[in-house]
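Just the one chain here, the form predicted alone, laid out as structure tokens.
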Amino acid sequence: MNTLQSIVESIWDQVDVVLGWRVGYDPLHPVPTFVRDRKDIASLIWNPLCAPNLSVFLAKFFRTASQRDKKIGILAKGCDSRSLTALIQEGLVDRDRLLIVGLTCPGTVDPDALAAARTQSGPITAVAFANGMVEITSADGVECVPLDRVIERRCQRCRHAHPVLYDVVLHDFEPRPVPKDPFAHVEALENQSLEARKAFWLKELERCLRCYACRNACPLCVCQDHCLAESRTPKWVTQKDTVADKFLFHMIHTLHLAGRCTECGECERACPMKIPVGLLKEKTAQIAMDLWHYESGTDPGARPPLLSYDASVTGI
């Protein structure tokens, strides 16, 4: 039976580095890791707590890789593999230099939902997943929480729990079933009146800190070093703490991702204020599907609709 470690061992001679996750300050909080030494393969982990989309590191990583004759290995859930595909489509990542370890995904855990579901508070010593349950061992004992009860919103609407692009795949978990209506949250908001929607976004965006965590966590937001949100020439957005400026930033961010967003939900997961900014991108994804029957990040050979603009076309 393949394990994560046996798979990475089998590809090790082909790669310069492997991007994955390891245990953080406790087993409930995995963190991204870059494995460059064979002895560190044992530190790699994969479970529903491994939430960060590792493809966010790739665009910069390709420019600084030390051994260009070797590939870059990366662990990828379904949503992560869509982001990889979109980066390949846009020429930001070279598919020939990637070695993708695909991971079937049961959904990732919402830390806030898990904290609310727990009854114990002692230091965590171990976490395990079996039979649809999260089993947490702490100084207080062992407690079990149903995984479905603590799944992130983005995973409840995921249509690609099985990776869309990979070289080798690990079947450690049963993929989450495809939801009947992945845009149910967007439609529920749209069914409200214009005034109600305006009030919703004013209330939500008023809490925005302009920390840009949503932008920095986005795998497709690759021009953040020259982001117009911080540009002074031209000056599109001021640094004033007004809802109008916050709203303008989020609209610009959303429109830059129109037809490109792979719905990985990292923007919403990374937001320290828990603002549902993913809804904005989900709406553009829904429009792309309705207008062009295009689902971003599912076909490496496809040309994204908004990258096929032809200035010679008249009548636009």
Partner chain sequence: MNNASFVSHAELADLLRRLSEQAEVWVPTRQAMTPHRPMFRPFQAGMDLDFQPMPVTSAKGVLFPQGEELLKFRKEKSLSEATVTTLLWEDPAVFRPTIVFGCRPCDARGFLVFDRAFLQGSFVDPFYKARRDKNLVVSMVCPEPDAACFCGAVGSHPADTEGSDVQMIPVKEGYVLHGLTEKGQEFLKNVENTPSQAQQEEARQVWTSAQGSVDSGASLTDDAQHFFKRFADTAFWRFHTERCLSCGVCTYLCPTCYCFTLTDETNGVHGERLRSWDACMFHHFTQEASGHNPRPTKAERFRNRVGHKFSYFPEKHGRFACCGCGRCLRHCPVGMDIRAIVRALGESEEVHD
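So that the term is clear: the rigid core is the largest set of C-alpha atoms that superpose within 1.5 Å between two forms. Numbering follows the first chain given and starts at 1. Quick caveat: nothing in here was measured; it's all calculated off a predicted structure.
One more form of this protein should be noted, the form predicted together with its partner chain, which is absent from this view; the next part is about it.
For His171, no non-hydrogen atom is located within 4.5 Å of its partner chain in the model of the complex, even though that partner is not displayed. The closest non-hydrogen atom of Lys235 lies within 4.5 Å of its partner chain in the model of the complex. For the chain shown alone, Tyr212 is a contact residue for its partner chain in the model of the complex, at least one non-hydrogen atom being within 4.5 angstroms. Residue contact with its partner chain in the model of the complex: Val56 places a heavy atom within 4.5 Å of it. From the list 135 to 143, 159 to 167, 70 to 78, 111 to 119, the contact stretch for its partner chain in the model of the complex under a 4.5 Å heavy atom rule is 111 to 119. Exactly one listed residue, out of Arg207, Arg95, Lys198, Arg149, brings a non-hydrogen atom to within 4.5 Å of its partner chain in the model of the complex: Arg207. Exactly one listed residue, out of Phe34, Trp46, Phe247, Phe62, brings a non-hydrogen atom to within 4.5 Å of its partner chain in the model of the complex: Phe34. For the partner-free chain shown, Lys235, Thr238, Gln239, Lys240, Asp241 of 234 to 263 come within 4.5 angstroms of its partner chain in the model of the complex, judged by any non-hydrogen atom.
Glu206 shows a C-alpha shift below 2 Å between the shown form and the other one [criterion: core-superposed Cα displacement of 2 Å]. In the core-superposed comparison between the shown form and the other one, Asp140 has its Cα shifted by at least 2 Å.
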